[in-house]
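One chain follows as C-alpha cells, the form predicted on its own.
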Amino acid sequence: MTEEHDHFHTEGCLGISRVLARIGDKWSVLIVMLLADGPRRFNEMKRMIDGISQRMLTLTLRGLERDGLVSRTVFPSIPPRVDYELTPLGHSLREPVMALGQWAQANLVGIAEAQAEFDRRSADAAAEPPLQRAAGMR
C-alpha cells in the first residue's frame, strides 16, 4: 500500500468500514437517492422502493438518522405525519451516491453479460473430467 493508504491500518479503518457499511448498503443508497429530491413520508418511500419491508425501511431510516444523514420531523396531526429528509451532512452524500447509482444503471447490461460469461465458464469447467480439471488441461 502507498503512504496515502497507511490510515487503513489504524483504528480509523474501523470507523471508515462502519460508515461505508451504512452508506453502502442497498437500502441506504436508494433512500438517499429518493430524499435527494426533498422530504418524503414513510409510506411514500415504502411504495417507491420495490422489495423493502416496513421493518427494513424503519431500521435503515433509524440508522441514517443516528448517523446524522437523515432528519425525522413529526407533525402533530391525526394521524401523525412524519417526514424524513436529508440533513446538511446527508446532502453532502448526494453527489457520490447519485454518481454510484448512475454508474450502476449505466452498467447493468455489461455486468449481466459478464456474469453470464463467468457462469458459462464455470459450468464448462465443472463439466470437465476430474483429472483434466486437476491438471489444468482443457
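Predicted, not measured: the structure shown is a model, and the values here were computed from it. So that there is no doubt, residue numbering starts at 1 and follows the sequence shown.
Not on display, but discussed next: the form predicted in complex with the DNA.
Undergrad: Only one of 71-79, 108-116, 31-39, 93-101 has heavy atoms within 4.5 Å of the DNA in the model of the complex; I'd like to know which.
TA: Only one stretch passes the 4.5 Å heavy-atom test: 71-79.
Undergrad: Examine Gly51 and determine whether its closest non-hydrogen atom to the DNA in the model of the complex is within 4.5 angstroms.
TA: It does: once the DNA is placed as it appears in the model of the complex, Gly51 has a heavy atom within 4.5 Å of it.
Undergrad: Verify the contact flag for Arg66: yes if a non-hydrogen atom of it lies within 4.5 Å of a non-hydrogen atom of the DNA in the model of the complex, no if not.
TA: Answer no; every heavy atom of Arg66 is more than 4.5 Å from the DNA in the model of the complex.
Undergrad: Indicate whether Asn43 is a 4.5 Å heavy atom neighbour of the DNA in the model of the complex.
TA: Asn43 belongs to the contact set for the DNA.
Undergrad: According to a 4.5 angstroms non-hydrogen atom cut-off, is Thr87 in contact with the DNA in the model of the complex?
TA: No.
Undergrad: Do any residues of 50-67 have a non-hydrogen atom within 4.5 angstroms of the DNA in the model of the complex? If so, which ones, in sequence order?
TA: Gly51, Ser53, Gln54, Arg55, Met56, Thr58, Arg62 sit within 4.5 Å of the partner.
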